[in-house]
Structure formats: structure tokens, C-alpha cells
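Consider the single chain below, provided in C-alpha cells and representing the form predicted on its own.
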């Protein structure tokens, strides 16, 4: 029993440290490649590490009119929630440290916690700029969570028709049984539509351009984070980096969980190395197209435009994908 617990502890530490480092590297690549695509030099890839170190040594300022305990608790809650998500993801083809009968639903809830924490932190700051940012974050969250939930539920429900009695809302089960080879032509189109919806939701979940409306430095001076500094700001920064890995890994696990070791005929340690490297490439590709390309190609949109985009076209795309997956059973 003690050996099993010790094994779980060190695996958890490796996942936390590895996920954090990976998120910081991807964040550095995001900034560097976006700058290069815009004709700028950009910061070095290691810049996020410098930023976190700088924030950690700076004074943690709490505004006079803030609700102190709530203001200080929210960054920790945001970081804890995204760190917990790492334990439910099949990283690099390995089984997740935690998992259960309906962890896909739990993941959906945990994804909302960082946004809720930022909203509460913004309101607790006692700043008009932070309050405006918190209101915008609430509208954004209510808009993009619906198509995200439809995507998750559609995939789990479709797998249940092929595997009755299986724990289809377990992410590890979905990753082990990709739907592309099970469905017919209509189902493939449905999966493509759900994948497109998830790719559009991803930059909104990460609050990246064109959906960085709650922060909007040029409009509301950082908005929801306007009053944060020091280690509190560092925790929000780390949570954002880890969440980038989480969203990329979710997309890979749901739609592209395939390994490379079987194709090249490798097994054992070398097979695991190949699969982990392939996983890192897949996550980067998702981040590149869902985050980097989008932030370079589009300017920030208004909050009303963002709400209409997710409530109408994107929800419609996800519902159409679900409908096509349903009809595929009868064709």
C-alpha cells in the first residue's frame, strides 16, 4: 500500500512539473512565433520563465478596497484547478493518474473553474476596470461553454452506441477508442464539425486574441488582472500556461489519440519515447493553428460579437455535428 502511494506521489510530481515546464515552453513558442509571423523579432522562448521569476520576487500588492482573502485565494484556486486537470489527461499515450466513470464531465467543470476564479478575483479587487473585465469574462464563459459541452457529450454518447456498458465518458476510454474508424461518412463529417467547434472554442478558453476581451490592455488596462501583481499574478500566469497544455492535450485525446510506435515497429522504452515525442508535436500543432495563427490573423472582437459567435454559428456547428453522428447510425 505504501509503495503504491509513493509511486502515485512521484508520478504526480513528474506530471505537475512536466506539465508546467511544457506549458511555459509552449507559451514562449507562442509569443516567439506570433512575433515572427508579424515581422517582429519577439522575445526569446525562455521569456515566460523570466516573467514568472520576476513576478515571484516582486511585492504582492493588495488594493485597499479589495476583499483581501478572496482576492488572494482566487489565483491559487485557478492554478490548482488546471493542475488537477493534468492528472485526468492521457499524456503522451500513458494512462492518466486519475480517472473514473465520468471524468470527461469533471474535466468540463474543472475547465470552468479558472474563469470563475478570475471573475471572483476581478470583483474582489474593488477596481472599476477589473469589474468590467469580470463582467466580460462571465459573458464569454456562458457563451463558449455550451458548444464545448455539446462536443464532449456528443463524442461520449456516440461511443456508447458502439460500446454499450463501457465507461464512455471516461477520457481514457475515448482516447483508446477513436471514433474515426467506427462511424460512416456522415459520422466523419460530424466529427470534423465537432473538431472545428473545439478548435474555435480553444482560444476563447485561453482568453487569447481575438477573445482576450476580459483583459484588453488597450481598452481597460488589463481589465480582470489590472490590480494583480507579484506571486498572485505569477499563479494566474502559470495557470494560463498549463491550461494551454490541457486544451491541446484534450483535443489530441478526443480526436487524434494515435501513437507512432506501432507504425515504426518499436516497443518498450523506445516506443514510449516515440509516442511521447509524437504527442508533443500533436499538441504543438493544435496550439499553432488554434492559438498562434488565430491571434495573428484576427483582431480583438467586441464582447457582443463573441457572444453571438458562440451562441449561434459555433453552437449550430456543434449541434449539426451531433445530428450527423446520430443520423450516421441509421444510414
Partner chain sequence: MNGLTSGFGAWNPIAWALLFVGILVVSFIVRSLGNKGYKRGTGQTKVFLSGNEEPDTPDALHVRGDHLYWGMIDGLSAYYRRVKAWHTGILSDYVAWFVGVLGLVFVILVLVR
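Keep in mind it's a predicted model, so treat the numbers as computed, not measured. Numbering follows the first chain given and starts at 1.
Omitted here: the form predicted in complex with the partner chain. The next part is about that form.
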property: Exercise: residue 227 in contact with the partner chain in the predicted bound form, heavy atom 4.5 Å; result: yes
property: Non-hydrogen atom contact residue 81 with the partner chain in the predicted bound form at 4.5 angstroms; result: yes
property: 4.5 Å heavy atom contact, residue 143 and the partner chain in the predicted bound form; result: yes
property: Heavy atom of residue 166 within 4.5 Å of the partner chain in the predicted bound form; result: yes
property: Complete contact of 120, 153 and 178 with the partner chain in the predicted bound form (any heavy atom, 4.5 Å); result: no
property: One stretch from 201-209, 126-134, 188-196, 256-264 that, in the predicted bound form, holds residues within 4.5 Å of the partner chain by heavy atom; result: 126-134
property: Listed residue (216, 116, 110, 149) with a non-hydrogen atom within 4.5 angstroms of the partner chain in the predicted bound form; result: 110
property: Of 303, 67, 276, 29, the one that lies within 4.5 Å of the partner chain in the predicted bound form (heavy atoms); result: 303
property: Members of 197-211 lying within 4.5 angstroms of the partner chain, judged by heavy atom, in the predicted bound form; result: none
property: Pair residue 152/residue 101, Cα separation in the predicted bound form versus the displayed form, closer or farther by 3 angstroms or more; result: farther
property: Change in CA distance between residue 102 and residue 12 in the predicted bound form, which is 3 Å or more, as closer or farther; result: closer
